[in-house]
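Only one chain is shown below, in structure tokens, and it's the form predicted on its own.
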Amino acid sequence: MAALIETKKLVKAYKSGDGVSTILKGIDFSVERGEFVSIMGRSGAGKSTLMYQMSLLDEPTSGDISIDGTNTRHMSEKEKAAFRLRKFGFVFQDYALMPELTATENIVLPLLMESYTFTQAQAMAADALTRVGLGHRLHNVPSQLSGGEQQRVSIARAIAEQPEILFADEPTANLDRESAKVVIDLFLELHAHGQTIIMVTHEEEYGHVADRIIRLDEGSIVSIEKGVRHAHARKQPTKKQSKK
């Protein structure tokens, strides 16, 4: 069976003064459907850069990225944007919530922009918030939520459309230990139900909960390690709700 994500000879370089700085140096690896992968390494190793290439948020200098059998090399920016909306969910360390909107509204707004009806969007937002343990916080604005709760709202927003792949870039970096554990436990629960997760982290204790750990150093993969295999049986993710 083909990998869900596969990179081949992936290179990312930037102009730096009079020279060129190469951040990724020919990355070859794949992610299977339903797998939880941590990308780890010291600061500047290329972790977030790799995630941005795989999630089509940035353009590689050379090499190929195939997602669910589709080579993305010749996609237009419009096609990539549609692909991201259809297949990906994103969680970042800064939460990216609109401060004047409630938890529900922060999820409803992007759904409305994707042509869901208001009734559909509200139901999807309530369901996602309940899944992350915030069914009692539907009408709270971010300033009324703790950092951990705000991150859970951002996770609810990312999973509201039941994406095929959840990308998380340092999702616990701004959280205290207790809140970080809640977020990681939530990822494990989502993974146990079939969610494919790719997480960038510099925190060893959280990176090790994944199925595999991809370690980068100076833009190259230096090791691929097994993480902690949890005992939950995986289920196939459900299909997205249809639009009307």
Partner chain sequence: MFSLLNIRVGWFLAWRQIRRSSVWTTSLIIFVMLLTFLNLVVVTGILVGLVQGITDLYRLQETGDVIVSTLDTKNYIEQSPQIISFIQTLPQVEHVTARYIVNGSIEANYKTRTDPNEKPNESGAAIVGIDPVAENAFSGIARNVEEGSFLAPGDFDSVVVGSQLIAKYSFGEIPGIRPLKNVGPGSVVRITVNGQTREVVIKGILIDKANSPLSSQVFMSAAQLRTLAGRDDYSVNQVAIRLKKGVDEVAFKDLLVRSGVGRFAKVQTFEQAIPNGVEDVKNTFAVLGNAISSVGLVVASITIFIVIFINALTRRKFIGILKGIGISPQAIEVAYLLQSMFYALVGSSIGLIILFGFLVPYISAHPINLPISNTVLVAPVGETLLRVVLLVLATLIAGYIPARMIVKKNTLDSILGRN
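Numbering follows the first chain given and starts at 1. Please read these numbers as outputs of a predicted model, since none were measured by experiment.
Omitted from view is the form predicted in complex with its partner chain, to which the following refers.
- The shortest heavy atom separation between residue 108 and its partner chain in the model of the complex is within 4.5 Å.
- Proximity of residue 152 to its partner chain in the model of the complex: non-hydrogen atoms within 4.5 Å are absent; the residue sits far from the partner.
- Proximity of residue 127 to its partner chain in the model of the complex: non-hydrogen atoms within 4.5 Å are absent; the residue sits far from the partner.
- Taking the partner from elsewhere, residue 141 is found to have a heavy atom lying within 4.5 Å of its partner chain in the model of the complex.
- Of the candidate stretches 197-205, 174-182, 34-42, 54-62, only 54-62 has residues whose heavy atoms lie within 4.5 Å of its partner chain in the model of the complex.
- Applying a 4.5 Å heavy atom cutoff to its partner chain in the model of the complex picks out 81, 84, 85, 90, 92, 94, 96, 97, 98, 99, 100, 101, 102, 105, 108, 109, 110, 112, 113, 115 from 81-115, in order along the sequence.
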